[in-house]
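Only one chain is given next, in structure tokens, and it is the form predicted alone.
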């Protein structure tokens, strides 16, 4: 029997690190009969954390996909990492799943990465379901966490499950209680709602019904007149309310004790939206924005690329429209304008795959051995869809290291290894800094970079040393100065003669460089003036103060002299150099350093520590924002002080803080620090 898109459910498990996402994924697979025993992150034998680094560190590093069948529905479950270093994987998974499940720890409540998951779901207009996890823990408090969710995120968070201590859940929609055995087997008995919970359950159901019937005017009118809402009608309007983010159901479970997981799965089947429920997806066709319906010709988005040691490159796609058979077919990369041979589609569960011949709208599958396809590329049939889905937004890197190949052989292999690594991990960047000549590898934190370097050594045999990058300082001037530069050389035959007088004038910060020809009366012939400007542009790359580029000044060529025979372009360039070195040094040169805008999100209790630390880093606090018991501290701070901040912040906040950072502007370096930088530069020059 052919599969239908309306029978497809896709969802991503998100939340703060340690909130139980991988354990819930494991319990789902166990209770659904996909695995015979539950693995544990501590023992490194879970289905979704299958890489060597994940098993070693006991955390999720990449978003992993699991495919299962339940009650005639195909479920695609993504387990996304919860640590800030791997936020990019979470962003990509939220983008392609039809529902975002945000796990919130029953003791810890809303934490930093809970906010990140919420913000990402909001940006993608994704339906959200909250799951209060780990209800078996001592001091677990469902009501307090629910209040926390309502205060920080939305009043539309309405409980569907109420925990019976740590031993079961009440499904308020069905009006039934499910009490579990304490052995983790997932076995339960269905019972009446406990008497002491009857009133709370009734109130919770009433709130859900009232919110849901607003999706249907006729049904709402009947409900207000006192008519009962049938189970079929309630299911229809509640799912519609979830799709429109008018209701955000709150569930409860203990994945480790396997409590409430069966009810979680039944709720997925009954109430999570299908691709048809989600409606059309926006795409770009030329200059026009189009809406892609599930019934349109085949189109898909690549959201993840993974290198499998056994099968090679796997491209993970979400199918948004149409259907496609793998038999004898090729697939067209709309972004690249290239066609590729299609070998097979694979339903993936962890590291294992099962070949399927056809995919339909809503499927999330892997395709082996596509060569040109990268994350964010739209795939289609050459004769069909020609639209492009929007790019997946990845967070900007916040931690950088300079990488140095350990040997010549490593250096030769570096380019290829970096290219393949960047293709797989879109939250990484790599650049050769023209000013400092450093090879800069940037990611989301020191753990992220450590893992990337370990993978490159394991897969490609490339060993790299790392060090703190050099700061791309710049030089500028603070006052106007004039300087003559005269180059005169006689060595038999034609000599060399060039003479220029140049005025050096400071410009406002960020203005760059301006050259002005103020020669009158032909003191410098017109044909030599371009050589003066060219010389200045060459020499300003390495300033006389400390060898950094000179910026934000105007050079006015106002006088000079020449020789009919001995003058040449080279002579005038050399004369310009003499003028430049003297003129800049006479114009009160200073060092400039890059200043970054930083935003740090931490729980209340760490706010004072963060602000004090910024002050010690020469930072300026620009303001704070409150998000419940989380605070966002905004500051401007020199880049020189921020290279190891990811490590410091993790230590200072016990891993509960996160930050983002972007370039703001250049500012003058304080005198005492500038002296040290200049002295270090002079020492380097002497050693060379």
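The structure displayed is predicted, hence computed values, not measured ones. Positions refer to the first chain, counted from 1.
Another form, the form predicted together with a small molecule, is not on view; read the next lines as being about it.
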*Out of 431 to 439, 228 to 236, 201 to 209, 135 to 143, where are the residues with a heavy atom within 4.5 Å of the small molecule in the predicted complex?*
135 to 143
*asked:* Test of understanding: in the predicted complex, would residue 67 fall inside 4.5 Å of the small molecule by heavy atoms?
replied: no
*At the 4.5 Å heavy atom threshold, is residue 417 in contact with the small molecule in the predicted complex?*
no
*So in the predicted complex, does residue 256 come within 4.5 Å of the small molecule, heavy atom to heavy atom?*
yes
*asked:* Under a 4.5 Å heavy atom criterion, is residue 10 part of the interface with the small molecule in the predicted complex?
replied: no
